[in-house]
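In structure tokens, the next block holds one chain alone, the form predicted alone.
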């Protein structure tokens, strides 16, 4: 049985439905209806009608609902985790870490700081000294948020909070693989008393997402695969609406010879197997200095063997969430072994647990021509490559179509920072991994095929606004010198100003 499968409506009529099952136990969780395109358009229309009143509340008025939602989330976190754990199969500790903790931080951070980050800003004019410039940030209107299955609650809530605090209304389209976890966002805000239609959810498959893009929203925030992201970007281009695309990654980890190997090996295991590798910033390639490669690899294998798979109680590693992703993991492993890779531990499904469990796997003797080194695996495999120098590690790390995140491990902060600055990556972490999305002050996004635009922090918050420059006169002049009529004398005067301003040292200094 698939995790998502079509079912016939009970009465034989109505919209098509999808049945969702647990990836850990295969037990049925529930059904959802695929929202028709006409209803998606009506949902967006309701959001657009509600947006002016929501924006009129101001930052303080909107923040009150974020704080109410935060209080409720703290009180109801166990019940929320029940839903997320049932739908994803991950442990409760990992659910707290990945979903609950950052959700609380997001609600608090943007409620507290959006007013300051989006405040009107006076900008000095370097040339038009008779003018003054005021930058203002106005909400775009209605934001469509299309979310993935690997972080179904936080990846719906976090962009929604930013969009809401900027004064927009929001329509969320969750992944059909984990719809009930994303639906919790609407439940949370409804119980917090959010005005009707300010945040709504439309459920379904890819057709629902396509309908949302074409429904007249003012921006799309998408998190998902490169393949789907291309389609989203193309559709947004046709509709002439902005989008942010947070796509895949093939994150490299560089371990220098002077690294703390105990910390680095633990970081490699955590970075590769958190959420069973189903994390956009998971460590998917490790490049380790040759003189410490054997010791590092031994430590990694030893720690991986101690990871505890499970479905209940205390465990470390849950199942793959989506069957199609498990197929990719198995294809990558088979391709690597066929081309000469060595499996040091793992390398197969965990038959004892059933469900979609795959053993955490460590590979060596990997080469660039293997799919596991070039394609996003998004699963529990960590390939380790021995390198001869920092330069070689940097070259191999940059040899990728992806560029989402990376990590560098060294006791020498200056050395690590110098390496980080040479990596073609949206973000780099030193002596840690996978934390950039959770660092709310930092803009998060990818280079190359890892995405378009950035989310989070001041950059992400302003991305849900239209930056409007307002330029006004400082001195109340009756008219400007460059207005009509045009005369030869005006032209000569402008040329003299140009020659002085950009042709003399004093002019260049003052301009």
Ligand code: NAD
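Residue numbers count along the first chain shown, from 1. It should be emphasised that the depicted structure is a prediction, and the values quoted were computed from it without experimental measurement.
Omitted here: the form predicted together with this ligand. The next part is about that form.
Contact with this ligand in the model of the complex, defined as a heavy atom within 4.5 Å, is made by none of 251, 296 and 395. The single contact residue among 330, 94, 390, 176, judged by any heavy atom lying within 4.5 Å of this ligand in the model of the complex, is 176. This chain is drawn without this ligand; in the model of the complex, the residue among 77, 365, 200, 228 with a heavy atom within 4.5 Å of it is 228.
In the model of the complex, this ligand sits within 4.5 Å of a heavy atom belonging to residue 210. The closest heavy atom approach of residue 99 to this ligand in the model of the complex falls outside 4.5 Å. The shortest heavy atom separation between residue 267 and this ligand in the model of the complex exceeds 4.5 Å.
Proximity of residue 232 to this ligand in the model of the complex: non-hydrogen atoms within 4.5 Å are present. Comparing 86-94, 167-175, 254-262, 287-295 against this ligand in the model of the complex, the single stretch with non-hydrogen atoms within 4.5 angstroms of it is 167-175. Along 267-281, one residue reaches a heavy atom to within 4.5 Å of this ligand in the model of the complex: 280.
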